[in-house]
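Okay, so we've got the same protein chain twice, two forms, each given alone as structure tokens, structure 1 and structure 2.
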Structure 1
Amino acid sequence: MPLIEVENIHKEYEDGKTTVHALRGIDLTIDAGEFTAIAGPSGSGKTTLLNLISGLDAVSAGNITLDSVDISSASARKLSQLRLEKIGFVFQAYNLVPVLTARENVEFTMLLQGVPSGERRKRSLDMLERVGLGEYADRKPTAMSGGQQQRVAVARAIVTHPRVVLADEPTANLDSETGSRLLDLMKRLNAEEDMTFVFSTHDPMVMDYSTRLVRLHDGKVKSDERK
């Protein structure tokens, strides 16, 4: 059974007296274990699609199912539970908690999940080491560069071993070497733990690493290539 099913999705926004058609009838099925990049120019609908799949935004028409849960009709409580238990996020704006250290930010979702403190600490420190930030565990986001904050956000997303990681431009603030190391880590998690990754990206390196490339244009699927 597919992990994610997107059926004839439309998304419209009102901008003053103008209706913006962000997505225009998207159909997409993603199986567990895929490593998928969604590419396209700015305004093509990449981020909107990720937000709809996660239930952070509501569809205007159509249906989305994630791990057998109907996103389109689920209650706010059910969606919150789904995001906590099944989805890892990497936001383009990082969304780190400024008063928490890097380790505490990585621990945050585990705290909400009820993971014991000793295990939270061990897993968060290990993950920070894996993204090259072990020595920055006690720093707060304001004392870190944009690229370092991005890596903390990636560590937070994958430390809980979610069913799917939704990543909005995950390499946007990273140099090519750091981006490559992060993608290598995600590839290992994808291969060893069957963790599913869906990226929105402009980055040719992310597209090259992906095993499937979906291109959007003007809110529609332009092409869908499996490698």
Structure 2
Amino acid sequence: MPLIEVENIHKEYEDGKTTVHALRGIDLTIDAGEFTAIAGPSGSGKTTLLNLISGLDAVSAGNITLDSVDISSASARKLSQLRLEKIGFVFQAYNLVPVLTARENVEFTMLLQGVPSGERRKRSLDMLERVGLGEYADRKPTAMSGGQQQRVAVARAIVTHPRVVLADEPTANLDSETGSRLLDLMKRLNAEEDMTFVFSTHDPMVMDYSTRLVRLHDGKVKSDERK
């Protein structure tokens, strides 16, 4: 049963006078439980594709369905709701709320969902424990390393049990060892929770972790292989 269905999408950016054709007809189907890497050189359209799947940006043409919801026609409010309930996010960097502690950051999406505070607390501490940051619960992001911050971001992304976690170059700001530990964590969660992960990268080491590798080039799918 496909979780994400991308049908012949195009994305054009109006950049002053010129039009940038970032995506030129992408077809892609991702099943639940897959651990997919989207690779490709800089400018190939990885970020654009992830942004479209999450409804952060609108397609120029084509259709995207996520968990049977047609994203292309949803309102901004509906899309917020959809992201809150079905999508977890991990960005390249700077994606924790700086004024909140690690635990509060993990609680944040549950707060938005209206989870009662006692339960929020318990779940966030459990989650931090699982990503190996139990002792860091009351630290602010500025007092944590980049790798630790990314693990908090992963904890925040999965604590609400989303259908899919989208990660845009989650390891790009980390050294290779910290990066591979983060990927180990994501892969473990993928296995334990049967949670779907889609992440972008241009790091060959990261691609090795994936169970499916989609290569983009100039806004098109160049290759798509399951391992």
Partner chain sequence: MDIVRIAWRNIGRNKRRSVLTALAVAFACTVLVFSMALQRGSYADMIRNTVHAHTGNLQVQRTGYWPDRDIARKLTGSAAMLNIIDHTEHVVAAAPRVNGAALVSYGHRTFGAALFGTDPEREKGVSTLADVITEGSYLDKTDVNGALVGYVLAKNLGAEVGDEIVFLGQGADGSIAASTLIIKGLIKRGVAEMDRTAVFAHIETIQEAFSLYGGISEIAVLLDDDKYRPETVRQLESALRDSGHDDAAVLGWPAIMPGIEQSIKLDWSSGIIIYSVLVLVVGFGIANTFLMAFMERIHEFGVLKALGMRPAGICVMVYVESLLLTAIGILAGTVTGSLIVLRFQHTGIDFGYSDEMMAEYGLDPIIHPQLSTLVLAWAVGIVLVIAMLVAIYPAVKAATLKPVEALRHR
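Counting starts at 1 with the first residue of structure 1 and goes up one by one along its sequence. No experiment lies behind these values; they were computed from the predicted model shown. Whichever C-alpha set is largest while still superposing within 1.5 Å between the two forms counts as the rigid core.
Q: Which number, 1 or 2, marks the form predicted together with the partner chain?
A: Here the form predicted together with the partner chain corresponds to structure 2.
Q: Align on the rigid core first; then say whether the Cα of residue 174 has moved by at least 2 Å between the two structures.
A: Result for residue 174: yes, a 2 Å-plus shift.
Q: Rigid core superposed, residue 194 Cα shift between the two structures in Å?
A: Rounded to one decimal, the shift is 2.7 Å.
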